[in-house]
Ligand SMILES: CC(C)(COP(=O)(O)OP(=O)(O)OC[C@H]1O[C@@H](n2cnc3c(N)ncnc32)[C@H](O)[C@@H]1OP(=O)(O)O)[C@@H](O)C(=O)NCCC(=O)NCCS
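Have a look below at one chain only, the form predicted on its own, in structure tokens format.
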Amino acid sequence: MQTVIIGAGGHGRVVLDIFRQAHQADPVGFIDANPDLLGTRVDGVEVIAPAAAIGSLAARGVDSAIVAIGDNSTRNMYAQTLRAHGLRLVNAIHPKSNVADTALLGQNVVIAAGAMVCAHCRIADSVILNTGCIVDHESTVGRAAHICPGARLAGRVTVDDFAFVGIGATIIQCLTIGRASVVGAGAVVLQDVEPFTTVVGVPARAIRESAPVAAAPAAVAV
């Protein structure tokens, strides 16, 4: 399997480390939109092509990829582009995470060290479950959502597509975190969060609404 990592920044370094910790073969290279990085090495792995070259990867023998970009909409856009060019999206699952046998995982999923995914959870494509987070039983995390380090989802929580749950946030059981909403760091959420809404505090309260996530453009940048 010839795999590339899309994104040579901090999250790319994390994904590379997960591959190594899991004793997967190193990727053949990084892809990044910053032309200054071309030919440089990130933790020993070369940045082999700019993001604009995704369409030529298959001809170079690359058959799979993972998108290591923190921004939810950008990560999703790249995943769509890679699929359109026939590349398979792979997961990066740290061996010191705990994923229940009954959990269902999509593609292009990153599960970092210490994360817990409990029984009968559903994790959609392009999700990041970051260091030490907890996704408890029968919860659902939607496409391109990000659960940050130390965040805790109680049982039967639904986190919709593109939502962001900040560091150390707590979501009590059976709530819904709406599409593209943001839960601030350390917030304690006691009621549903509306789509495109940012909540902060203990208990969490809405402070603003944001614009809907735009459709993927023809070209995107890391």
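One-based numbering along the sequence shown. Computed from a predicted structure; not experimentally measured.
Keep in mind the form predicted in complex with the named molecule is missing from the figure; the text below concerns it.
Residues of just one listed stretch (56-64, 178-186, 152-160, 35-43) have heavy atoms within 4.5 Å of the named molecule in the predicted complex: 178-186. Though the named molecule is absent from this view, in the predicted complex it lies within 4.5 Å of a heavy atom of just one residue from Ala49, Val28, Ile172, Ile167, which is Ile167. Proximity of Asn130 to the named molecule in the predicted complex falls within the 4.5 Å heavy atom cutoff. Residue contact with the named molecule in the predicted complex: Val200 places a heavy atom within 4.5 Å of it. In the predicted complex, at least one heavy atom of His146 sits within 4.5 Å of the named molecule.
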